[in-house]
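The chain that follows stands alone, in the form predicted on its own, written as structure tokens.
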């Protein structure tokens, strides 16, 4: 059953259209990679799905009992955010804010969930460490644990391996794949790494001058994939 439905979307800002006529659905358990040229509207699409930006036309709806507040989000980090002076525990626990409702405090269940996700991400030994003292890979694990506190259904990831070395990149991809296959969490990930998309994704959304949505097998046969690969080789 579809958890997310995007119908006839037109995306843009300040009256400038980036992308129009976009239609696709994401089913529970999917692993969708969003690929395409720089400036094609990938991050704008993700912000629209999250409700942080309104579409110029069309709509985004949720299904299968999914509420917007149950969507976990791992954004691209800024330099300022990497230097955030809080502990790992504080950052992960803050992912439970959407569960609090009118409660002005975290309860026992929130703290248990934060502890579980810290353990799941292999961060037990770093719980009291300051976030800004961690490596890039450790910081991404912290933010992933935080996003998991918001959801057990669907995660939106915006270039989650950006700036990481090859070994840590592989570890992060394996973690995300485990969350999808073992825990059944739907993944929607923006990526410039087409090889990784072909390895892990079940579906591909390519946006830009050409739009494609479908299986990765069909994507490999498409003009969109051919053009994207050629541009990557000449970049």
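Please read these numbers as outputs of a predicted model, since none were measured by experiment. Numbering follows the first chain given and starts at 1.
Only in words, not in the display: the form predicted in complex with a small molecule, which the text now covers.
Put simply, residue 38 is close to the small molecule in the model of the complex: some heavy atom of it is within 4.5 Å. For residue 159, a non-hydrogen atom is located within 4.5 Å of the small molecule in the model of the complex, even though that partner is not displayed. Though the partner is left out of this view, residue 18 does reach within 4.5 Å of the small molecule in the model of the complex, counting heavy atoms only.
Residue 42 belongs to the set of residues with a heavy atom inside 4.5 Å of the small molecule in the model of the complex. Although the partner is absent from the chain shown here, none of 10, 68 and 213 has a heavy atom within 4.5 Å of the small molecule in the model of the complex. Annotated contact segment (heavy atom within 4.5 Å of the small molecule in the model of the complex): 30-38, selected among 195-203, 30-38, 176-184, 54-62. The single contact residue among 115, 76, 97, 107, judged by any heavy atom lying within 4.5 Å of the small molecule in the model of the complex, is 76.
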